[in-house]
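As a starting point, one isolated chain is supplied in structure tokens, in the form predicted alone.
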Amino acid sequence: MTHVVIIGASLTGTSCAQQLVQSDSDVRVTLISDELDVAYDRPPLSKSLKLGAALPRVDLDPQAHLKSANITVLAGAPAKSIDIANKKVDVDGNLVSYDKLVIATGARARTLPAFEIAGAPIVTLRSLADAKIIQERLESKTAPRVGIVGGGFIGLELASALSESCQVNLFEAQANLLSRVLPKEISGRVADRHAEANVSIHLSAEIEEIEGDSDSVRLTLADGQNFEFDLVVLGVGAVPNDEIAGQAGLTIDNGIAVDETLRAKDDVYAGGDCCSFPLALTGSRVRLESWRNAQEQGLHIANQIVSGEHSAFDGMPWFWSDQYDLGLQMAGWPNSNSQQVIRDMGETLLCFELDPDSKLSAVSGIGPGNSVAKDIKVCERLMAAGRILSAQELADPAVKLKKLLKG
């Protein structure tokens, strides 16, 4: 019987464990989690956090596969070290042997030294425990004042979720929201929707001074504006949890470096937010903090362990965000030399990025609810097929994208 040890019980680790026991009854799995809560979905923490409501816990194991006799879950007992030569993992002082090892340790919220003020209500949002702290703090206040530092997906989704019950100010250092992943035409619509919800967004914001005590946090901008908050949430990115892998001698390159099959070394795999890998679409090494990537990599690793064969991971980057009544979706990987083409259909907007060979390298879209989903899916197929496309046809709403698949 093959024993697979998986370090990390979020989406990648959970998906891998479930696939392993469903595919092969001769596989035994030990799933290690440093959190007592295991197998819960993280996106709802920022998208659906409400005051006066139950915490948004979405179970990643509704069919209870993790209760299989072939899976042992070690919750609240973090892995301390990995001995690759002897194939053992130290779990809180107990050595667990493995035949195959999967590292799915994810990432943690990035912090900023200037905001490390002892006792001040300054937090990040990455876990159920973080969400509980935010909810309890704000529910204890009348007309709570929230400052969010960072105009990425976490910050914007949290601003959307809290806007009904809190006074929200969001500070972004760049000139546009989501400037690294979205064109200004789309980020502008995001900013307008937040303004409609009375969220105050401060672009090109330079925070010059931070003061805090147990009751509040005070921020001063370089332009002289002063703010006082009951809670400040940092949403300034994430850092891969790759320390345990680095200490074990594995290569670290913006996360745990794996090959195209997601192997870091013989019998050692890594997947999800903690690893960097060669992207099939471009060949460049990337690290993706993406729900679908995390799930697909967990499944890919499991299928290789069961089959005994090594195959390249060819997943397509895909991201989504829900804010108010708007849905955003993105697919592909932007090219620095790309040509942007806008298709404006009124309520919905698509932005295509064509590489120098007139092939689609990325697409992003925004619209009510799930309205752009079908178009994004067609664009994924166009990228996978490597179609040469016309900018004029892409810009024309009268031209059906499915027609372009036929060449």
Partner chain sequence: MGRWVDVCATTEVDEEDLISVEFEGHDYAIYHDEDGEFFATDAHCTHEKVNLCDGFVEGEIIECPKHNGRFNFKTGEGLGSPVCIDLKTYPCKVENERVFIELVEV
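The shown structure was predicted, so the numbers you read here are calculated from the model rather than taken from an experiment. Numbering follows the first chain given and starts at 1.
The discussion below concerns the form predicted together with its partner chain, not included here.
Trainee: Among the candidate stretches 338 to 346, 26 to 34, 355 to 363, 378 to 386, which one is within 4.5 Å of its partner chain in the predicted bound form when only heavy atoms are counted?
Mentor: Looking at the other structure, the answer is 378 to 386.
Trainee: Considering its partner chain in the predicted bound form, which of 313, 98, 320, 171 comes within 4.5 Å of it through any heavy atom?
Mentor: When its partner chain is considered in the predicted bound form, the option within 4.5 Å is 320.
Trainee: Indicate whether the candidate residues 41, 329 and 370 are all in contact with its partner chain in the predicted bound form, with contact defined as any heavy atom within 4.5 Å.
Mentor: Yes: each residue has a heavy atom within 4.5 Å of the partner.
Trainee: Give a yes or no for residue 295: in the predicted bound form, does one of its heavy atoms lie within 4.5 Å of a heavy atom belonging to its partner chain?
Mentor: Yes, residue 295 is a contact residue.
Trainee: Please tell me whether any heavy atom belonging to residue 67 falls inside 4.5 Å of a heavy atom of its partner chain, as the geometry stands in the predicted bound form.
Mentor: Looking in the predicted bound form, residue contacts with its partner chain do not include residue 67, since no heavy atom lies within 4.5 Å.
Trainee: Is there any non-hydrogen atom of residue 227 lying within 4.5 Å of its partner chain in the predicted bound form?
Mentor: Residue 227: no contact with its partner chain in the predicted bound form.
Trainee: Within 4.5 Å, heavy atoms only: does residue 50 come near its partner chain in the predicted bound form?
Mentor: No, residue 50 sits far enough from its partner chain in the predicted bound form that none of its heavy atoms falls within 4.5 Å.
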